[in-house]
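Same chain, two forms, each on its own as structure tokens: structure 1, then structure 2.
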Structure 1
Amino acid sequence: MRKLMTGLARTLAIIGGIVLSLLILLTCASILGRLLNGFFHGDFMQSVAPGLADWAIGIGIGPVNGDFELVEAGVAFAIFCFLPLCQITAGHASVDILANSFSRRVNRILRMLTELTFAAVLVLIAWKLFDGMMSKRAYAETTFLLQFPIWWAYALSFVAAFAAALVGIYMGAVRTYECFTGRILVWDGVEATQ
């Protein structure tokens, strides 16, 4: 189970990383297109090589159409993909100044409650995201320029949010197990592995 969940989280994180890289390339391509488009339209190219310039413009050298909305849809998916890894590696920022002075027992109970709540929140997020997706679908809402249905973007994000909810539930189970057995499975910096 542990292997499966860690594998899921890592795979999603890498998929998210690849999507992020694609967005970086897309953005750079768009900038380049914009600069070149301005260059071919500029006085210099229009007087020196008008044929080449018009040809270049004709084949569509310019900013990538809809780059903005592709980035928005892509980055949402990437971030949902990143959530499971953060969850399974106890990566969320917290303040442990007071917790350090609690007993081990108290800390484990707190950690169990926190992680179970977190799981519930992740389930709620995925569930409501699904509702949002269905409503976008029912209303046939599209993006501004490319006019692709927004629910596609929601659907992608939902898949990742669903995985995050699964990993959240798993982590809830892990902390519960830890609380009752005293064996630490996932180290989170407050007490060492035993």
Structure 2
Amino acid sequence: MRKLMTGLARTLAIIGGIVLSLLILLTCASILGRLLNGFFHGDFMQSVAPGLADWAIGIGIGPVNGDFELVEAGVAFAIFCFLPLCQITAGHASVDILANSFSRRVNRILRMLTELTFAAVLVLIAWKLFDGMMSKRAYAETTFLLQFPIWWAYALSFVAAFAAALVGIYMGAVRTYECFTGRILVWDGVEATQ
């Protein structure tokens, strides 16, 4: 089960990284297009080379239409893609100033409670994304510029959030088992400091 969950988490993280990289390229292209568009519309180019300026404007040099809509949807998806890997590797931020003074047993109880809370929150997020997706689909809402259905973004985020919830439930079960048996099933390096 660990290999399956780790494979799922890593695959989603790779997909999220690819999407994030493409969004960075899209943003750079849009910014460059916006700068060039302003340059070709400017007084200097209109007076020095009006034919070139008009040609460049005519072929569509400018910002990417709807770039912020794509970035908004893509970043939400990417964030949910990174959550499973963060969950399975215990990569969330933590403050261990007080916890370092506790015994291993108390720390295992705290880790179990933390993982169960994370699992519950991830299930809640996935559930509400599903509700939102169904609502956006029922009302056929679209984005302002690109006019793509908003529920598509919700659906992609829901798939990644559902995977995060599965990994969260798995980690909650693992930490519960570890708490009650004392055996470490998923080694993440935290146990070495205790």
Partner chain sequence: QEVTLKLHQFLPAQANVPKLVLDVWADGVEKDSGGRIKVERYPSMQLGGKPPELMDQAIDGVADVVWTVVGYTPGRFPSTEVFELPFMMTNARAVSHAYWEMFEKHMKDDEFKDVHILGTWVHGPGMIHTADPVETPADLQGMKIRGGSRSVNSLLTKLGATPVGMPVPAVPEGLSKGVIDGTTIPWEVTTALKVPELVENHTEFEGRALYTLTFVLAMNKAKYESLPDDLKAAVDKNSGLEFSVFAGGTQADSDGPARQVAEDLGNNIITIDAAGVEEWRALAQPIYDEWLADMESKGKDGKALLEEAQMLIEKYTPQYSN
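In this text, all values refer to a predicted model and were calculated from it rather than measured experimentally. Reference numbering: structure 1, starting with residue 1. By rigid core we mean the largest C-alpha set that fits within 1.5 Å across both forms.
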Block containing the form predicted together with the partner chain is structure 1
Following rigid core superposition, Cα shift of residue 60 between the two structures in Å = 3.0
Cα of residue 39: shift between the two structures in Å, core-fitted?
-> 4.8
